[in-house]
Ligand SMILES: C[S@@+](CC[C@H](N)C(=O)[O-])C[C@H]1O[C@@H](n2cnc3c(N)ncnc32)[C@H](O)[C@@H]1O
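Here we start with a single chain on its own, the form predicted alone, put down as structure tokens.
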């Protein structure tokens, strides 16, 4: 089966799973608390969170990057998978208040040894990070998606995954990005919808 067709199948499977899966009671409560306080609707859906965890585990990711951490909901899902793969995540959040909430929630989740929180402008912070990445999740200002792709793509490992959020419900705000990931001959890209917002999943060949 085409690798990206299998991702679409995985998205359907994720949508059929029981809520939160086999998480501890503490993690379930934390995730629920973050969603309850998310008045700005910045966190991904539960289905998208489970999909991210599945993609990290499937890739066996070790060096993950999140651009746009908000209050930590998606970082917790990614971090739980990285706990199993032996990897680490750097998550960057521009807003200083949300960055503090993000760091606090990562501590509360018991993931401080897995997840590094960086506060500040991702365009300035990414060049300061060492090494390459085998998993990238982008959920920042939608009109900047193409700029972020341009910065990160040279540092995405062969076989690495680049995922971007809101590519269905905010498609009109990122046409240049979607053209780039769908027309780049070195990327296999599929659009999946674990929830209504949609994600692009690109595999670097």
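Being a predicted model, the structure only gives us computed values, none of them experimental. Positions refer to the first chain, counted from 1.
In what follows, reference is made to the form predicted in complex with this ligand, a form of this protein that is not presented.
Of the residues given (42, 30, 149, 54), 42 alone sits with a heavy atom within 4.5 Å of this ligand in the model of the complex.
Within 4.5 Å of this ligand in the model of the complex, a heavy atom is found for none of 63, 79 and 113. At least one heavy atom of residue 73 is located within 4.5 Å of this ligand in the model of the complex. Heavy atoms of residue 88 never reach within 4.5 Å of this ligand in the model of the complex, leaving it off the interface. In the model of the complex, this ligand stays beyond 4.5 Å of every heavy atom belonging to residue 117. This ligand is not drawn, but in the model of the complex it has a heavy atom within 4.5 Å of residue 137. Residues 120, 121, 122, 123 of 101-132 are found to place at least one heavy atom within 4.5 Å of this ligand in the model of the complex.
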